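Before any questions on how it binds or moves, here is one chain, the form predicted on its own, in structure tokens.
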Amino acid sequence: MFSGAQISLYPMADDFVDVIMSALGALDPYRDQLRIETDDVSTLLVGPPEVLFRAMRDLFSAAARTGTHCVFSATISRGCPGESDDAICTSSHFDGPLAPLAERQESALAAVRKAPDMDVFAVGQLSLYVLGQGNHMDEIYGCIDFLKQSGTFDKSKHFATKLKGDTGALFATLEQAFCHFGPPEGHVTIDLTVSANSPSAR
């Protein structure tokens, strides 16, 4: 199984380079568990979801703690048939057969309840895509039901679901959505945008 994310961080400030470079230090604890490649468009993170989402959480939280309006954009994918399996991505999330939907929802909710408090408030929106499956809408609706119970749900939007809350719970919700909906061996993607310190909220 291959899993990873193409991410971009956008601080809305004149000193955006300093904000980005400082925030990148938050990835240091994860560098031996991820493959990281950066170019002038985005940064690729490859690794197991339980590391991937924590690394994204910590990177965004570090930038947001500066008080700068920051936007984080990510395309997250697992099981893409065009990517070769990578041992660095091995994860217990995908062991065994697909459990019943209700059981997966309860497991996901339990994981979100255990999320750490990062003391950073953010809003975000995601779109989940379960690809190549005849029952993909059952999985998407099941995920939406989970999101509505997660404690981070804000509202439904055209083509997306809006979340809000502490980045600990928010990124835990995203990890569970990514891992618990769609078959373990299936191709699942998330289109994600997260924002903190936006002047619009004022």
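Note that residue numbering follows the sequence shown and begins at 1. Given the structure is predicted, the values throughout are model-derived calculations rather than measurements.
From this point on, the text means the form predicted in complex with a further copy of the same chain, which you will not see here.
Highlighted residues L24, S91 and E139: none comes within 4.5 Å of a further copy of the same chain in the predicted complex, counting any heavy atom. In the predicted complex, a further copy of the same chain stays beyond 4.5 Å of every heavy atom belonging to D18. a further copy of the same chain is not drawn, but in the predicted complex it has a heavy atom within 4.5 Å of C80. Contact annotation: R31 falls outside 4.5 Å of a further copy of the same chain in the predicted complex, judged by heavy atom distances. Using a 4.5 angstroms limit between non-hydrogen atoms, A108 is distant from a further copy of the same chain in the predicted complex. Although a further copy of the same chain is not shown here, in the predicted complex the stretch 28-43 places heavy atoms of R35, D39, D40, V41, S42 within 4.5 Å of it, in sequence order.
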